[in-house]
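Before any questions on how it binds or moves, here is one chain, the form predicted alone, in structure tokens.
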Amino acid sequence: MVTVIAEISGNSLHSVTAQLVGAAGGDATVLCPGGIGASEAATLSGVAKVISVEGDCFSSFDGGAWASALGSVAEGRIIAASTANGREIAARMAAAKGIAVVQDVTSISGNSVSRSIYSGKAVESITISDDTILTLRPNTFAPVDGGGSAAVSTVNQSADVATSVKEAIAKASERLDVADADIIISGGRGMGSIENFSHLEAIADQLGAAVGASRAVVDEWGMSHSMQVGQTGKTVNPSLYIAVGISGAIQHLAGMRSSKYIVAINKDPDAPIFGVADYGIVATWEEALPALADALSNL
């Protein structure tokens, strides 16, 4: 039996959930936190049943509360998304159940799974039991289509949490998270200043992309850690990754080198980023971004 913990975004089902169901291989049970996206999950091909797990603990995210409520229903092998929320829920649930957890899985074959290690320099193969908890890297597994008609049941599971920590994050826009995006444009020190990231945001709006940043930019300019791509930030796997003014330190490459296509824009022709890029442009951002914006406007 495989249980999929649905990933939600706001008040709807996140698209990565279809990827989790695809990786489950059919006859999956989908748990929907707070009942969000239950009817949508029921239409996914390969879903045997949907359980709407409801309770007051789902009014805001608390990893301990969610893990407790969902874990009381989840059975068999449990699959979640390798997102900030998914990884925390999986780790807490594994600790509570006393079972193994493997994070950031990139392939599954029976009882064998694989994931990248050593900053993406090697692939680790792990043999797992049937009751292991896995988190899967977004945009790695093929999503299932619609056409399903699974039954939906409701379970009330309010978790008793002694302490709840709530984090309020003010967002200027509803821009995509880099961990989930299919297209990412990231900036580094070569952008010159934090104010110049507005040019990356303009390109992102044209592409429907997320905006990322290198560790140097996050540390020195005070940008949100949620934007950081790299070994100490987020590991991403988009179809297209555009690196602007990023030299390509090994810590950054570890978080994005598995992208399907990598485009590097840097004024230094010897920058390490060109070593992993599929396409390279030797230019400053002032030269390259306006030309890119014009080209996109003419599509």
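Throughout, rigid core stands for the largest set of C-alpha atoms superposing within 1.5 Å between the two forms. Each residue number is its position in the shown sequence, starting from 1. Just so you know, these numbers come straight off a predicted model, no measurement behind them.
The discussion below concerns the form predicted together with a small molecule, not included here.
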(request) Could you check which residue among Ile78, Val229, Ile89, Leu136 gets a heavy atom within 4.5 Å of the small molecule in the model of the complex? (result) Val229
(request) Among 245-253, 55-63, 41-49, 28-36, mark the stretch whose residues have heavy atoms within 4.5 Å of the small molecule in the model of the complex. (result) 245-253
(message) With a cut-off of 4.5 Å between heavy atoms, is Asn266 one of the residues that contacts the small molecule in the model of the complex?
(response) yes
(message) When the contact criterion is heavy atoms within 4.5 Å, does His199 count as touching the small molecule in the model of the complex?
(response) no
(message) Is Lys97 part of the interface with the small molecule in the model of the complex - any heavy atom within 4.5 Å?
(response) no
(request) Give a yes or no for Ala283: in the model of the complex, does one of its heavy atoms lie within 4.5 Å of a heavy atom belonging to the small molecule? (result) yes
(message) After superposing the rigid core, is the C-alpha displacement of Thr140 2 Å or more between this form and the one not shown?
(response) no
(request) Classify Ser114 as shifted (yes) or not shifted (no) between this form and the one not shown, where shifted means its C-alpha moves by 2 Å or more with the rigid core superposed. (result) no
